[in-house]
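Quick setup: one chain, the form predicted on its own, written in structure tokens, and binding and motion questions come after.
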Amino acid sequence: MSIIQIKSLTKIYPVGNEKVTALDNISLEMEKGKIYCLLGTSGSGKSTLLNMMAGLEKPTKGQIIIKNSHIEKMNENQLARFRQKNIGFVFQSYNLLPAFTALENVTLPLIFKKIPKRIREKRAKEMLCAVGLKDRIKHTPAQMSGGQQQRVSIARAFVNNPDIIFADEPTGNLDTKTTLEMMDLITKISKENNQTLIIVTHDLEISEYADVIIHIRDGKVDSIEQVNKKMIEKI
């Protein structure tokens, strides 16, 4: 069953007197519970595509339908509510609040949903334990390594049990050993909870964690690789 449908999606940016096409008539469908990788070099359009799906940018034309809702038609307030309910984010730069502890950072999505303090702290502690940070709950980002900060970011993304997780170059600032640990962690959690995980990366090794690799080149879908079937479908 499709949870995301993208239809004839195009994004054009004005640059001086010229126009740059970042996305060129992309159409895709993504199923619930699968892991997808948007793979491409810098400037290929993969991060722009993710931003469109997350409602962070508006398309020039085309449709983005998530859980039967048209994202491209929503205003900022509607998008904020939709993201709070349905979407989690894992960022390359972690995006943690420096003055907040790990626990406080992870409870943020639950505060926005107005969940009582006792319940949100219980859920946040359970999530931090699940990502291996039982002993770092009261630590601030400055008191943690990059890998530990990314674990906090992962806990925050998953604490609300969203249907969809967007991970934009989630291991870009980590060493190889920590990268593999983080990828094992986010793919394990998403599979256990039947969540749709969409990873943006330029790294072939990271792409191997996906069920489906969507190769992006020059703003277009170049090919789709069904990893489990070891089969490439040329567009």
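Keep in mind the model is a prediction, meaning the values are calculated, not measured. Don't overthink the numbering: it's just position in the shown sequence, from 1.
There is also a form predicted together with adenosine-5'-diphosphate; it is not shown, and the following applies to it.
Asker: For Thr171, is any heavy atom within 4.5 Å of adenosine-5'-diphosphate in the model of the complex, or not?
Answerer: No - in the model of the complex, heavy atoms of Thr171 and adenosine-5'-diphosphate never come within 4.5 Å of each other.
Asker: Would you please decide whether Thr48 lies within 4.5 angstroms of adenosine-5'-diphosphate in the model of the complex, comparing each non-hydrogen atom pair?
Answerer: Contact check for Thr48: yes, within 4.5 Å of adenosine-5'-diphosphate in the model of the complex.
Asker: Does adenosine-5'-diphosphate get within 4.5 angstroms of any non-hydrogen atom of Ser69 in the model of the complex?
Answerer: Judged by the heavy-atom cut-off of 4.5 Å, Ser69 is well away from adenosine-5'-diphosphate in the model of the complex.
Asker: Give a yes or no for Ile214: in the model of the complex, does one of its heavy atoms lie within 4.5 Å of a heavy atom belonging to adenosine-5'-diphosphate?
Answerer: Contact check for Ile214: no, nothing within 4.5 Å of adenosine-5'-diphosphate in the model of the complex.
Asker: Using a 4.5 Å heavy atom cut-off, which of 183-191, 24-32, 206-214, 37-45 contacts adenosine-5'-diphosphate in the model of the complex?
Answerer: It is 37-45 that comes within 4.5 Å of the partner.
Asker: Enumerate the residues of 9-41 that have a non-hydrogen atom within 4.5 Å of adenosine-5'-diphosphate in the model of the complex, in sequence order, or give none.
Answerer: Residues within 4.5 Å: Tyr13, Val15, Val20, Ala22, Thr41.
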